[in-house]
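Only one chain comes next, encoded as structure tokens, the form predicted alone.
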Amino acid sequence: MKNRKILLSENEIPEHWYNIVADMPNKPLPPLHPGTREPIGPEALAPLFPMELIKQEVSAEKYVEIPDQVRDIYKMWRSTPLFRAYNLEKALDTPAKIYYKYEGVSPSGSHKPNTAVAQAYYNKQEGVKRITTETGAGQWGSALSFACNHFDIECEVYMVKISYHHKPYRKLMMNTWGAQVYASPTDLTEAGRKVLADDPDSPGSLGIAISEAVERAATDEHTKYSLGSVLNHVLLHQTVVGQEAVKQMEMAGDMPDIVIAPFGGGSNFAGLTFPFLRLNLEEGKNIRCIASEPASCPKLTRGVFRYDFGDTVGMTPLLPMYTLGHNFVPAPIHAGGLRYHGAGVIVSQLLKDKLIEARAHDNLEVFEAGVTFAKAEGIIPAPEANHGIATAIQEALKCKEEGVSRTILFNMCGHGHFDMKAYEDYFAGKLTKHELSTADIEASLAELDTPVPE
């Protein structure tokens, strides 16, 4: 088989991050102050983030140079391989050509270090001593722990309680790299204590964990906060993935008709798709970009576009996003990294403008897809990655039904070596579909008292 794996040399790793805001026909709406509901400026973010990251958050500059020190650390695992999934194509008996970008070769096993290293670097440059963060499945927490260890910064992680218990080895990865990890909600913060008072058995959510991490950072002058998805600068850093993929597809003598990635808050999806969307916006190509989300947390497919808080308690600025409501607590599915109530501002605007698509999959469907992929390609995917695989398989089977050949690329964003409890539950028949009723969604959205974007 020719060109099964395509790699770039170290010298071909991108030298700049790509900022899609520069090319968007409609720019994202501004964030609002949580109290006044008026637009905020960069200074409002200063208690939480170093200034260079704030500049990137509000930037419309098309390319942002990657610091040499960040790029040198990237070289520990980048470039990541692009594979032609010949065996999966054969298993599906499809005329489609299927490729996947494999980010599981990073030290923490996912795409998350692409922004973790950058964020730790800018915090170190500003003299920050400690970084707090949240994590769902533990992929982001382990990535930031790895990055903070490189720059000798303390790391404090609030891990969603259900994932803390489901994925103990991800916690141990964080501990190995020197991080303190707490099962959220905790009694260490006002936010956590408030949640526990209302529900002592709360399984936690990313929104709750964000509230705890933000509170810790906002009340300590030596501490900053770091987010693993959603925000513009986080999506920016992940575009090394898609930029590499564009070059690798060109090396393969091919270009995708469809690009797919799992969706939690946006970093996974943005990282792969934004450089391909640039080809649509700048060169007039027509590459479909599909975000794959869980049916139990369907903010893109069943949520509403409006201003909402990024956290549960309401400490963050109000962001214009597709949301299920900041009080929404998703079902305790194993894809912890996708259990977030809202979507990043940039992705939300792109969806509103119909420049991207979204699709939801139930819990059983995604594990069936993951097992099919593992049997064909030999890599056991993370539960989050299974969502993108499910969409790719759908599109490949559609090609078979229609008798046409399309080229499909998806982000195999991480391996599932620390997620075997999820597969154990799947094989034991313990997983359910976790589909939300319309009444459930309407009840959550009814609690919103945040502004509707004009």
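As the structure is a computational prediction, the values presented were derived from the model and not from experiment. The numbering used is simple: start at 1 and walk along the sequence shown.
Heads up, the form predicted together with a further copy of the same chain isn't pictured, but that's what we're talking about next.
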Heavy atoms within 4.5 Å of a further copy of the same chain in the predicted complex: which stretch in 52 to 60, 397 to 405, 30 to 38, 414 to 422 meets that?
414 to 422
I'd like to check something about Lys129: if you look in the predicted complex, is any of its heavy atoms closer than or equal to 4.5 Å to a heavy atom of a further copy of the same chain?
no
Is Glu10 close enough to a further copy of the same chain in the predicted complex to count, meaning some heavy atom within 4.5 Å?
yes
Spell out, yes or no, whether the shortest heavy atom distance between Glu377 and a further copy of the same chain in the predicted complex is within 4.5 Å.
yes
With the partner left out of view, is Ala358 within 4.5 angstroms of a further copy of the same chain in the predicted complex by any non-hydrogen atom?
no
Answer with one of Val329, Val313, Met173, Ile290: the residue that has a non-hydrogen atom within 4.5 Å of a further copy of the same chain in the predicted complex.
Met173
Heavy atom within 4.5 Å of a further copy of the same chain in the predicted complex: which of His150, His233, Arg216, Arg278?
His150
Let me test this: is every residue among Pro107, Phe146 and Gly178 within 4.5 Å of a further copy of the same chain in the predicted complex, going by heavy atom positions?
yes
